[in-house]
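Below, in structure tokens: the form predicted alone, a single chain.
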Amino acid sequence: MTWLQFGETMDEKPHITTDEDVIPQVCRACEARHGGICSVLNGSQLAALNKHSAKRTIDPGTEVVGQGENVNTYSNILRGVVKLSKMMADGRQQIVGLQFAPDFLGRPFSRESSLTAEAATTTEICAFPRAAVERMIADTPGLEHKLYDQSLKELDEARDWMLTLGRKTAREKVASFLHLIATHIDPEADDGCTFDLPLSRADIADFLGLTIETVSRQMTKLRKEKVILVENNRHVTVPDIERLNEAAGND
């Protein structure tokens, strides 16, 4: 004979814990959970990784990791823009890339950083110990493939940027930079978007291999042509993303 507990009926069924149930609450609304490396992890793996994770908010101009430093953590970018740069032996510096949410920040199995990662804007990251991530990579083929895909994506973007720097006009270079920001700040935008420039005019010039004066002139021309709208010198609105794409000389 089956005995019922107080308040229980014959129609009630015991709750079966699913993989979704064990996903930490903090991960459920996280962009990296749906678009970044964590998208390939199951609930139990997310719970295990979450035990070692720490969220950090980083002010603009603050280093996440310096060139030549030992790497103890990897990170998911949750919000903001991170500037990647390399320093030459004589002190000259070159911006070599930008990373956005939900990019993975770091190079697995490398003990030393080959570049400097610095917050270009107020940035939020979710950091994990290097050892914990590398153990999970070894046990999770899907995570390894996701990181491989990001590496190939970054390689393709680097090749595209070589074309921008080597063959495009000054106008196309500035438009390409603005298109890069617009499409990464809001990847879902089809008919325009709004953003604050994450870099100073000097940094934009460094990134594009132009002078500050040339960057300012080309921004003014794009504004007069209504390709972009600019407020307070940093707040940019792109009314038509396809028109900006054409100005950048992209296919």
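Just so we're clear, the structure is a prediction, and the values are computed from it rather than from any experiment. Take the two forms, superpose them, and find the largest set of C-alpha atoms that agree within 1.5 Å; that set is the rigid core. From 1 onward, residues are counted along the sequence shown.
Separately, the form predicted in complex with the DNA exists; it is not shown, and the next lines address it.
- Per the 4.5 Å heavy atom criterion, the DNA in the predicted complex is contacted by stretch 216-224, the sole one of 216-224, 54-62, 27-35, 40-48.
- In the predicted complex, the DNA sits within 4.5 Å of a heavy atom belonging to Arg201.
- Within 4.5 Å of any heavy atom of the DNA in the predicted complex lies no heavy atom of Met87.
- Ile185 falls outside the set of residues with a heavy atom inside 4.5 Å of the DNA in the predicted complex.
- In the predicted complex, the DNA lies within 4.5 Å of some heavy atom of Ala170.
- In the predicted complex, the DNA lies within 4.5 angstroms of at least one heavy atom of each of the following residues of 229-245: Asn233, Arg234, in sequence order.
- Comparing the forms between the shown form and the other one on their rigid core, the Cα displacement of Lys51 stays under 2 Å.
- Relative to the superposed core, Arg159 undergoes a C-alpha shift smaller than 2 Å between the shown form and the other one.
- Relative to the superposed rigid core, the position of the CA of Asp90 differs between the shown form and the other one by 2 Å or more.
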